[in-house]
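Read the single chain below, which is given as structure tokens and is the form predicted on its own.
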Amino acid sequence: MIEIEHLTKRYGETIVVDDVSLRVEEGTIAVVVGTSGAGKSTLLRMINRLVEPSSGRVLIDGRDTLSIPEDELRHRIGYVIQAYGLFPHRTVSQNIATVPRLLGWDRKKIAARVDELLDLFQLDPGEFAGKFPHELSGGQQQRVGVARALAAKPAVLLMDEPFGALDPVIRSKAQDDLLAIQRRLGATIVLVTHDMNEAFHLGDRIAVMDQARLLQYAAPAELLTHPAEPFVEQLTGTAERPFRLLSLTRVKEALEPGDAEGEALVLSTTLHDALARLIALGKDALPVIDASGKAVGRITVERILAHGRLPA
């Protein structure tokens, strides 16, 4: 767990982070969003003390980070930046092994961890371990950067615009890969992004910052249905809010009894995707099945639209 308590950073008379407090529960993803200059990256860097706070404190698993030697702290926290930060003169395996080597792991343990991570990120060790960063695509470099951050099995992973340099198709795949890996490893992640779609896709909770202040920290659905300030409503997109809400809701939450003709949807389908399918097929309703293929009810356009309706 990460607890941020009244964290402030000043540079002379300028306040870049102003009395921010929030808690990131263990094994969850917190996404920090806001306009340029809102203080997002500075807040992130104060967690691992790349930037020292002017006041306030950060606790990881109840321990004040100021009481932890800097090297020890940074070895316990993975850190990924937009440009990946790979050493150009080191191979993929050498890049991933950076922190384990600093920690004095033996060669066998390091080699096993490198192969494990390459397999996890779907990079064949036989093909990729000996390559240099310039021989990789942007998506592959990004995966190696995340693998390096995870090499020493940190409990916390900080990510500053990690997918910003990727094209939209690769970016979407990288986001899905991160979710799958996070669920498998149970890491606690704090991620900074400008992309609201990315925030809603990845975040268990989203922190909205503006002019150094934290305006709201809440689950995605709460941001959409109960924005705390006009800026939050504006940032989440007035026109897009109903569709984003549908993307956060599954068919199982809008299921109704009855039969329907046509292509069956599964319970885990989002209402956004279900509506798109209904429109594409020209249907008012479609049958719904569970994971075993058993019919469990139907989903209708009317029910979907009711779930996408925002409070007045």
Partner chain sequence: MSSLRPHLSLDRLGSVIAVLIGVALFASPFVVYRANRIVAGEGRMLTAALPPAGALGIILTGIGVALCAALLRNPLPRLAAAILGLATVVPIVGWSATFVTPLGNTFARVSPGLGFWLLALAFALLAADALTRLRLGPWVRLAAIAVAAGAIALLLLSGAWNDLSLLKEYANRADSFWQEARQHVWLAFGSMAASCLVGLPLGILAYRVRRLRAAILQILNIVQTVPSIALFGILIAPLGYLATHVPLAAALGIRGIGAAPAFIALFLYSLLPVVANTITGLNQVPAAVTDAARGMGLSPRQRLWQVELPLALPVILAGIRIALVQNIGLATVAALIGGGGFGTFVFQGIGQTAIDLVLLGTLPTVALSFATAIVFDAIIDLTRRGPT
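In this text, all values refer to a predicted model and were calculated from it rather than measured experimentally. Numbering follows the first chain given and starts at 1.
Only in words, not in the display: the form predicted together with the partner chain, which the text now covers.
- Taken together, the three residues 273, 283 and 299 lack any non-hydrogen atom within 4.5 angstroms of the partner chain in the predicted complex.
- Shown alone, this chain has one stretch from 96-104, 228-236, 178-186, 194-202 that lies within 4.5 Å of the partner chain in the predicted complex by heavy atoms: 96-104.
- In the predicted complex, at least one heavy atom of residue 132 sits within 4.5 Å of the partner chain.
- Among heavy atoms of residue 241, none comes within 4.5 Å of the partner chain in the predicted complex.
- Contact check for residue 79: a non-hydrogen atom falls within 4.5 Å of the partner chain in the predicted complex.
- Interface membership of residue 167, defined by any non-hydrogen atom within 4.5 Å of the partner chain in the predicted complex, is ruled out.
- For the options 86, 174, 156, 214, the one in contact with the partner chain in the predicted complex, meaning a heavy atom within 4.5 Å, is 86.
- For the partner-free chain shown, nothing in 21-36 comes within 4.5 angstroms of the partner chain in the predicted complex, judged by any non-hydrogen atom.
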